[in-house]
Ligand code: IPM
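First, one chain by itself: the form predicted on its own, in structure tokens.
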Amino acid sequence: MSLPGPKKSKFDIAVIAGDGIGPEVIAEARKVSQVAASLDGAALEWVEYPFGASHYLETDEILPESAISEMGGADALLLGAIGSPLVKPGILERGILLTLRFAFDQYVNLRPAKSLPNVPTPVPLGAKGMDSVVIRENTEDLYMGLGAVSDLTGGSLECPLDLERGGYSMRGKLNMSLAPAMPFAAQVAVSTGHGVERIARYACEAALSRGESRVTIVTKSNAAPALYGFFEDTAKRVIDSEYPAVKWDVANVDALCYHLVRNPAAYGVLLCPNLFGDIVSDLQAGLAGGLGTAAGGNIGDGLSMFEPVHGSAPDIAGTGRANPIAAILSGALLLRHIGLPDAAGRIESAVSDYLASSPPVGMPVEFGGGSSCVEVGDAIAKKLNG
């Protein structure tokens, strides 16, 4: 039996600050993460990349292979926000976000949703509050990029089904025709045993780490039995055979959304296919107080990427009105992932302490206060330093 090696004390973190408010909130996330890591005896070295709307408009370059290869040598990636009204929707999202997810096989999308002190919520949460997490399969379902649109005359459609994923290759072709001819479109969703098994394991491990014994599988197998019935059955089999301490239940996604609004505190770990996870995690974020506190991670066995859930908000970029808490909490997820759980916990406690003790005027603008993005970051960093 080999002894564990020395604890790593220096980490290279790739950074894409992105668009809109991205650079502002990422600056505060870096500031707070740096302080928290140093208190744990660790140093963070930031490697900056320019990719986003401005870079694309200036150079016509989205995300070159050389940069992807270089980022692969980092310990983690911190991402701001991608998107600009000056760029057609989808170009940057597919070219940067989805490209990174697929290139590094980031098969877990991690979306915690936890109520925080003095953060207003749209429905009462009770004394217990809300503390749940969406574990979203991140590489399959309807997000695989397999689809096509017929020409205007319609009648027929042909779509190649060739792709590479972590763990498998796919080869094939979809041919469809309609009679009478009319324009139509098709999008192909795929779920594999490989994909479902590993996300089910991650969900079970997440439940156990939270001290919980239940995973809720979120599907719609009554309407799409082949696709979501397969997801559901495969997840059940993994849980039953490999995790005796974990029990499962199943919720149709529409019924789940209804019950979430009525009792947000009733759920812990939600295991979702890609599409439903995308939708449910935003609902959870709204119930917990809004996107301004919603952190996220894209996790795989290689480079993992951490980002606030909110968008680039170009309408408030440069005004100081951005709320950096989601980015700061994403930094905490990053630190926990790279092996600095104490530093991550310190950030989460500092955020809660700041929100609990701040006078109304000292809160972020999003919560009715008057503190700028930088002032919020400074206040949280000060809490870290005692």
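Here the structure is a predicted model, which means the values were calculated and not measured. So that there is no doubt, residue numbering starts at 1 and follows the sequence shown.
Not pictured, yet referred to below: the form predicted together with this ligand.
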Taking 111, 143 and 278 as a possible spot, do all three reach this ligand in the predicted bound form with a heavy atom inside 4.5 Å?
yes
Contact with this ligand in the predicted bound form, heavy atom within 4.5 Å, among 158, 197, 93, 301 goes to 93
Exactly one of 313, 133, 239, 97 comes within 4.5 Å of this ligand in the predicted bound form through a heavy atom, and that residue is 97
Given that the partner is absent here, does residue 220 sit within 4.5 Å of this ligand in the predicted bound form, heavy atoms only?
no
Given 250-258, 164-172, 69-77, 97-105, the stretch touching this ligand in the predicted bound form at heavy atoms within 4.5 Å is 97-105
